[in-house]
Structures are given as C-alpha cells and as structure tokens.
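One chain comes next, on its own, written as structure tokens: the form predicted on its own.
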C-alpha cells in the first residue's frame, strides 16, 4: 500500500487517481481496471501494487522457450486491393502485408490492454487533451537510421493529412501541428478535444500508424522496408505474395523464425485446401461458414479471439427511395433472426449485435439498452405506416469476402417476408473498394462501398469503439456509408470520447445506443470472434482481433 500511496502522491495526475479511486470504490472489476490502467500508461509495477492493495496481486507465468529456425508459410486472404502504402491502408490484405514488418507506438492485446512497442510509456494531462509519450531508445530502422521523436512527428503529420486512411481514427481528434518533439525520445500530442482512450489510437488497431523514418518517400514501403520490426520485407508481387527475412538488428532480439513467405488468395476454398494440403502453415483469417473442414480437424489448430470485428449494413438516408424513412430502416432490421444468423454463420463464435458499434466485449457498452429482436408483425406495421404496405424493390451491393455473401442471402430472404424484393450485387473486394472516397457528388467520391443505397462492408476490430463512432456514425465521418447526419448525436459522441469515468462512458454510450436503435442508419447484425487456422507445428501464435498477423514471437516446431 505504501508504494501505491507514494505513486499517487508524487507521480499520478487527476486521471490516474480517479481511476484508482473508482476501482477501490467498486466502480469496475479487476479486468476492466487493468485495461484502463494500461491506456492511461500506468506501469506494470503500479498496476500490481494497486491490485495487491485493493484486490489480488498479478500472477506471472514464465514464457516457454521457442525453437529457432525455419520459414513460416502464411496465406493472406484477400490480397491487398491497392498499393501497400501504410498511411493509406484500408483493406485486410494490405494491413496484414504491411503489419508483418511494421511496428507502432503501442500494440493492442487480446485482452484489450496495451503493451509498449516503440513507446515505453505515456501519460495524459488533467483532462486528456495532451498526451506525452516516452520513446524506446536504441532502435534502428532497417534502412540504418536511428529511430527518434522526429520520425514519430513526421509519421503522424502524414497520418492526419487530407488523403490519409487514418482519418478514420484521427479526424476531430488530432490535427496537423498537434504533435511535436520535446526531445529526441519524447513526443507530445495536443488533441483537438479530450480523448480518454487516445493511446488506443496509436496502437496496432490503427493499422495505418506504422512508424516510418522522417525522410520516408511515399511509395517506397515495399521496395526498401523502412521499418523497425522483427522482419524485413524483401520482395512483394501484387496479387501473388510477399517474402520477409529476419531483421538481425531488431530491438526485441532474435525472432525465432528465419523468415516468412506470404501467398495471396482470393478464394476461401483455395486457401483452406492449401492449409489442409500442407502448402501453407497458417491462414491469417478463416470463417466458420466457409471453412467448416478446418474445425475439428485433428491436424489443424484454430486461433480464436473475441473482439468487435463485424459487418455493417448501412442504408443511405439521403437518397430519394424508401430507405430515407427511418421506419423502413427499422422494419428491415426487425426481420433479422440474429441468434439464428450467429448459429448458422459462426456456430457460436460470435456475439449478437444491437445496431450500434457497442459490441458486448466493450466495458463501456450499456447493457440496460434493450436488445432488438425479430418481430415481423411490427416490421410490417412500420412499413405500412411509411407508405409501403406491399413492400418495394431495393438493391444490396456487397463484396465476395468471407461469410458476407451468405449474410446477403439471409437478409434477402428475411426482408422478403415483409414484401421487399431485394436484388444482390456481388463484387470482388477490389471492385467494391475501387474509386475515390471523397469529393463530389456528396463528398464521398464514387466508390461503391460509400455510395450504394444499401451494402454490407467488413469492419475490423478496434479495442475501443471510437473509430466506429467517428468514422461511420458522426456527421461527415470519413467512412459514413449511410451518409447519416445527426448533430445532437455528434455532441453525445464527443462527450463519450472525452469521458474519463467508466460510469460516464456507459451513460453516454446508452444515449448513443438508444438513438441509433431509433434512427437505424446502420444494421450491426453481429460481432464475431477473429479466427485464424494453422498446422500443429505453429507455436506461440495468437490471433489478433483486428487481423494483424504478428509473427515476431512465433516459431515452428
């Protein structure tokens, strides 16, 4: 207790002391305390002291020794849809390809905690508008330059620029000029508004935020491997694959694997056959609906982690069609048998969604908000009240990725019960994300995934719901495919993002959840466990809820 008292008296700020007080008063459980403590940058020693004084001490297990040597063969599905350029990444294949070699300030874990990576510690000011990060010393880029604060400043200035994919995380949070070097190993972020979960935005869940040298030339990522990670990208062939060799100068020591050979696949059956045929050792992501042959196979191990990975079904609210009426959108959502969908598509490896980004895995989710359930009578009544008692015709556009085509068929069958004649248009992932994402006619360019009347889009996990709220829900969010605007809700979202206490977060979350159930611009049918599959000789691999393929500590038996 004396060590904890000394920390609170001499080092902790108001946010850290409020967190400890809330834990002591029973405002959160042990697991939630650890998650929030890592976000605020409390050290393992301080967290352990708090648990020892107020709950139960942490227990540590010694890591098992890894066998060195060998090259791991990984299947990536789908391939990158565009150039592998970190700050513009927007697809699964791209983030997996870039992430094998790249590193971030912090890394998110399976338990929603944060681990230091290129930052060793971080600390907020009293209202979470200024965050100061201490960087790891003695790190070198694979191109030979020493890593320091100027590299972080240059990287983040690029990330908040006008054509950055990371605006999904940073728009309204961090602007140009908001990051500066205090000294060579200290960086300070001054935010646009209070953001209690800001360190999560610097983690591997913002997959564009790979730290690059200050003199990095855009377009050279796959040519010179200008990163700090355990592996060096030595070759890259679009649509075919990539090769990585061990980085002998990695700050983390010697990685067990000699290298990694990645092969791209566009078809679930092909990548599953490759694993079962011993042509590859690991698949970055698999789906239960399309990979049933892998489950219960004695030669295959499934890597699973619960998270917030999901599919969004946005419905354009600003077109001259029936979806403009929220009663119609509610009616469509009420046709879905969500427990049945989860059983059919995931065999239980998923949580039921409630038409907001607040996944059950989040501590901030307000569990008092009623769950939406299938109700055809109410759906028909809503449709009739909106002036469509006999239904209407609509087109659903989506991509051939994972279980999404099956979900589209389920929605098609579901809405038929209330008279809606739904046509499905299936595109490849490349076609679906093709085109521009900003500009005329409505500010979202011409890409299908942000402009079709109704679609289904894959969204990766985030450790907190911030990106889902700011990018997909807030007015003018960069990935707001429903093109939904609600200034009153925007203000509540801002209060949620700045809330420090868990009780305040749940209060504002409840208001957001209620509003989205009423307006239903987007259907969130489920949040599923991220699943990967590998041969039994893969050791030390852990599935990442976002889909990062982190192999720095993985080995082969």
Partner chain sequence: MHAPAATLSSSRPEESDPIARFLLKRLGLALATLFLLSVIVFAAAQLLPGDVGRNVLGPFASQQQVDRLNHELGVDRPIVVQYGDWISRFVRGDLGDSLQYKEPVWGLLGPALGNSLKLAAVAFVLLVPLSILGGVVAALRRGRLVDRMITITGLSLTSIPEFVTAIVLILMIGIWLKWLPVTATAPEGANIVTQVKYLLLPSLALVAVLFGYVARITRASVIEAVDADYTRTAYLKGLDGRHVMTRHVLRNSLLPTIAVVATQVGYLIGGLLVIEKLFNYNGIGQRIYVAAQNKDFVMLQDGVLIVGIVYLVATLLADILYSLLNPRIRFGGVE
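Residue numbers count along the first chain shown, from 1. Remember, predicted model here, so these are calculated numbers, not experimental data.
This protein has a second form, the form predicted in complex with the partner chain, left out of what is shown; the following refers to that one.
Between the options 363, 238, 252, 259, the residue in contact with the partner chain in the predicted complex by a heavy atom within 4.5 angstroms is 238. When you look in the predicted complex, the only residue of 125, 436, 301, 395 with a non-hydrogen atom within 4.5 Å of the partner chain is 436. No member of the trio 320, 496 and 511 reaches the partner chain in the predicted complex with any non-hydrogen atom inside 4.5 Å.
Using a 4.5 angstroms threshold between heavy atoms, residue 422 stays clear of the partner chain in the predicted complex. Shown alone here, residue 133 lies farther than 4.5 Å from the partner chain in the predicted complex, counting heavy atoms only.
The partner chain in the predicted complex comes within 4.5 Å of no heavy atom belonging to residue 177. The partner chain in the predicted complex comes within 4.5 Å of a heavy atom belonging to residue 274. Contact with the partner chain in the predicted complex, judged as any non-hydrogen atom within 4.5 angstroms, is confined among 339-347, 323-331, 133-141, 428-436 to 428-436. Along 77-96, a non-hydrogen atom within 4.5 Å of the partner chain in the predicted complex is carried by 80, 81, 82, 83, 90, in order along the sequence.
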